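Only one chain is shown below, in structure tokens, and it's the form predicted alone.
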């Protein structure tokens, strides 16, 4: 069968109409040397589950990742947010949704969108200040609109060769290599604080009856203290954002085993959710997994 007919359903490339000097390029008219595959790009997976014991989902997530190539190529960018709501009468799911939208909008408008400006922008807000402002805005939105509701929130803004992390509560961000798993966020929970003070051993904290009590969360009051820091992107490693519905029931080493043995970040996320549900699924489960390739 003729190649053009087999691939495109016709025998020859289109001919421009009479009097027309230009026409859309047929794909087969483009020289192979003009087609440059985008190798070594970031790969992402995400998954959620209500869990076994819950009847509705109070977790929220947001994922945005992009690349731009050309004469003036932009740095790789990404925005990843996970929130775990709390509060009665479904106020937890409203609080998490509001906070994720508020943070994502602020970070997108004042960082990623500025990259696409035709005119150079010279008065950009430093990224750590921007992250702090975004979480503070989300906090005020929840305080005003969801009385009695609250949420954790962990956000990661990736621009070029660095990530900026904003964190409140006990959702977590991890860096996973082939052999190690390391939490880069610190839980703002009562038992974690007691553990840091030496009043609880890690094994006691894992089964403490107040292990889910937070001393810091979005929506708890007008003054919010936020953890914000910047790191180089973890080359040839994974970054995992998750709610306590995952890390609270699946041990770190099992998380690492699942991620290391999965073909793609999406497969890993699906398997992580299955593992949490197999362990009882006592809470909502959210996982966002990002693989940063080597340079």
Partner chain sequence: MRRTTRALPNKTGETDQLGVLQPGVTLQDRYLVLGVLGSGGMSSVYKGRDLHFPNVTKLVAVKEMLNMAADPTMYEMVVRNFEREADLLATLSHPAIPRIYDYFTQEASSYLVMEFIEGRDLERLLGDSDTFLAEEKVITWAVELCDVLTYLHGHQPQPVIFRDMKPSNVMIDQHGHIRLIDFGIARIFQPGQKGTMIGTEGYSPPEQYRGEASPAGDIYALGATLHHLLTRRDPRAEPPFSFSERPVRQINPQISPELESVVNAALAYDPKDRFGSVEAFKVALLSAAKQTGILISPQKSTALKLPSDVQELWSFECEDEIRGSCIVHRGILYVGCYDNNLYALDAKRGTFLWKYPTEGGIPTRPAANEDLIYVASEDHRLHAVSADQGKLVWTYLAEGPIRSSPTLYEGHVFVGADDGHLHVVNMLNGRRAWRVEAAAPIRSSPLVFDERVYYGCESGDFYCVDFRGEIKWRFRAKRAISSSPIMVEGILYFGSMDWTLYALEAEGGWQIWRFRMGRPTISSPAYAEGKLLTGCADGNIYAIDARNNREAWRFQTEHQVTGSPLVQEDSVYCGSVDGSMYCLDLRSGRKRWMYRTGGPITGTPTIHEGSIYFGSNDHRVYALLT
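Positions refer to the first chain, counted from 1. The model shown is predicted, which means the values in this text are computed figures rather than measured ones.
Not pictured, yet referred to below: the form predicted in complex with its partner chain.
Checking 249, 63, 228, 42 for any heavy atom within 4.5 Å of its partner chain in the predicted bound form turns up a single hit: 228.
This chain lacks the partner; the member of 194, 175, 97, 141 within 4.5 angstroms of its partner chain in the predicted bound form by a non-hydrogen atom is 194. Highlighted residues 190, 212 and 220: every one comes within 4.5 Å of its partner chain in the predicted bound form, counting any heavy atom. Stretch-level contact check against its partner chain in the predicted bound form with heavy atoms at 4.5 Å: of 44-52, 251-259, 231-239, 265-273, the positive one is 231-239.
Using a 4.5 Å cutoff between non-hydrogen atoms, residue 123 counts as a contact of its partner chain in the predicted bound form. Remark: residue 75 counts among the residues lining its partner chain in the predicted bound form, judged by a heavy atom distance of 4.5 Å or less. Contact annotation for residue 129: at least one heavy atom lies within 4.5 Å of its partner chain in the predicted bound form.
Residue contact check for residue 90: none of its heavy atoms lie within 4.5 Å of its partner chain in the predicted bound form.
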